[in-house]
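Coming up is one lone chain in structure tokens, specifically the form predicted alone.
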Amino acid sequence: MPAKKTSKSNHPPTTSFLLEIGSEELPWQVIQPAMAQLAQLMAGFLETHRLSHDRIRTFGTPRRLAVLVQGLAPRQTPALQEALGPSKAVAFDAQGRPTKAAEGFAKSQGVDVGELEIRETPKGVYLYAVKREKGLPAATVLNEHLPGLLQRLTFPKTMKWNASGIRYPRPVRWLVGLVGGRGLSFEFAGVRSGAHTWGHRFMSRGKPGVTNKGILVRRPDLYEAALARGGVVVDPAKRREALAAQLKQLARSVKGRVYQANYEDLLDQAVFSLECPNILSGTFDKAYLAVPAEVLIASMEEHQGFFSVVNRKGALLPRFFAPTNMNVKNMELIAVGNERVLAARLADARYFFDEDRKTKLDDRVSDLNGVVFHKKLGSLYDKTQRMINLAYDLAESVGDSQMIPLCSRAARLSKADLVTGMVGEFPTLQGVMGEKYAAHDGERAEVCQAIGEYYRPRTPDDAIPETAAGRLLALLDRLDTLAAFFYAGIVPSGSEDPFGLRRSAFGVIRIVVEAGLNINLARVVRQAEQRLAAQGVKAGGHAGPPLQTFLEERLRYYGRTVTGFREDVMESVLGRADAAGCDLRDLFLRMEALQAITSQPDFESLIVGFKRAHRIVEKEAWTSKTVEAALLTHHTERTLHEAVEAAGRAVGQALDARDYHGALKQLIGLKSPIDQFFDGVLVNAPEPDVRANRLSLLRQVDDLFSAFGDLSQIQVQGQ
């Protein structure tokens, strides 16, 4: 029986492409961003050069960045280029012979005159030059243009190491370029591309397929397998999976768990610091557990990149898990070496801890005179004094004068740990060590806790301080910083914010909103500026927004990113913000209430009616609000007037009580009276006194709505 014929696929054949840049060890922090950048550049490159493809994958280890393109077309997509030339009347003479205009156009386009096409266009009959390009082989395009693509990679820090002048984070040592089974031939950074890569510096020795020329990559799709033979796991996702599994297994074996607060950061560091992902377990002397756990964890993290281990209750165990780039038979020797290094680090930490406690925090405050806060803003001692004085103002602003002694004491001690040996060695322990040392000195528990938590929130996801004293101290620190820099004319510009003022302002927003603090920040900032002037800080002019506007814009950012408020809702509230108060929580509550009511069925039609009233009084520039009851000749006028009077009283009471949901419900109740008014009467009545009375009534409506915010900014369908 004859074999059944199979139909040929309609899909054109494809190939794959591999590019690898091998170098000396890259800093682990640059690898992941570089992979993302390489994928983006490659996608744009292939599109620009008409090379269709399927999936783009990127790889990265300390010694290499690589990109693998699957389903690559072997040739460029054909292109059709058309160019408009002169009109037919100009291109040919009376006998139909080509003129110099036609000949010049044909020459400029690289075609013969006889190949020019004559076409009808809306403007008349014109000549066209049509060129059809079949497309070059992918290998040809890549050989020519890949060096330019690689030069577009950017890094925070780069270096030059040879006569090529190319900048890269570390010297480039080899290049791999393959299209299918064919090696490319191009040069970058003085290195010629080939088909050989290099495996692990030690683990690849003596392995099959590894020669003194490296490891031959026969085809792009065999790249991962080739490097695996050389001891390299080139895919970061697989390294992450392997490390996470080993950590989980090791933790289970010691009846503990990996400390989670820095887990993801340390895992990222390990993934991009290793080519052969492995974790080993080690121990340290239990005597070091007398040092605060935060110190031990910081020492293991910052000096060694070690994972800390805790028991089921969260207490630190005298163990650590260390990432290592090796997998050999005698791993115990490596573990012993790590234990010896860590012991020296922990001994240093214990020394700092013991020595620091010999001097009280209060006695260290004067040492802050020697630490510059900013050259225009004095020392950290000057900042501390401002914070102490501002504590009185802030505590009174929140209506809790009983907090003044706690806050002023916490403010005095808050920066003192910056001149301790421990914080000098581990800057991330600011506040943490202040709390420990304050407790050792016998300070009140509320003062100690405030010092320990006032740096929060450190990140957008971090919690705000838990205690009232901690929240006020956190506000003191941030508001003094913001007021000082703005007073001196040092404000963020564009994306530049070297002093983290946006982060400080965002912290202020989160604390006042999430802790429910209604504070007249404009008053507090004015008092902060007075303290600055009293210290002799010179005011500097700046072209940026005032601090109040800056804070309101950070509130807008918070509303957009955290709570998902509509832009028009936020604009409505911020457009009528009280310049004398700057109560950020009050503004937030108004936004929250307005956002909630926008989903009610009658809201949009209410806004339509209000906007009509608003536009009329705005156009007329009408300011009078006096309504004569005797001139209300139509029942819809009387109904609206009575409704506005009643709603005005209710809205006023609701606003005084910060019941913004209740205030908006009162406004919703005006929908029908407003609609009936516009249906029942003509505002521009022929009688001048009636017209004036109706305009005054609409002015009352406009003022009533404006008491909540600039509701004319609300967007509705059709407007």
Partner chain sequence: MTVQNLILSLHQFWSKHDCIICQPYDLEKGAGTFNPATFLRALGPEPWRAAYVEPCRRPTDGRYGENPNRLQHYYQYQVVIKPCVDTIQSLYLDSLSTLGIDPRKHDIQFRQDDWESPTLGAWGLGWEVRLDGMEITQFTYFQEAGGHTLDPVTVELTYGTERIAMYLQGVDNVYDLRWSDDVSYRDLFHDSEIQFSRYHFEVADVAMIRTTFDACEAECRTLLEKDLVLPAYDYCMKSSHLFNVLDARGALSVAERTGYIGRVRGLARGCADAYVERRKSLGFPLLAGAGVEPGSP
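Here the structure is a predicted model, which means the values were calculated and not measured. Numbering follows the first chain given and starts at 1.
In what follows, reference is made to the form predicted together with the partner chain, a form of this protein that is not presented.
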In the model of the complex, the residue from 338, 572, 548, 420 that sits within 4.5 Å of the partner chain by heavy atoms: 338
So which of 662, 27, 33, 652 gets a non-hydrogen atom within 4.5 Å of the partner chain in the model of the complex? 27
Should the three residues 591, 669 and 699 be counted as contacting the partner chain in the model of the complex, with contact defined as a heavy atom within 4.5 Å for each? no
I'd like to check something about residue 228: if you look in the model of the complex, is any of its heavy atoms closer than or equal to 4.5 Å to a heavy atom of the partner chain? no
Though only this chain appears here, would residue 205 touch the partner chain in the model of the complex if you measure heavy atom gaps against 4.5 Å? yes
I'd like to check something about residue 79: if you look in the model of the complex, is any of its heavy atoms closer than or equal to 4.5 Å to a heavy atom of the partner chain? no
Is the gap between residue 536 and the partner chain in the model of the complex 4.5 Å or less for some heavy atom pair? no
Counting only heavy atoms and a 4.5 Å cutoff, which of 380 to 388, 114 to 122, 88 to 96, 167 to 175 contacts the partner chain in the model of the complex? 167 to 175
From first to last in sequence, which residues of 145 to 182 have any non-hydrogen atom within 4.5 angstroms of the partner chain in the model of the complex? 157, 158, 159, 160, 161, 163, 167, 169, 170, 171, 173
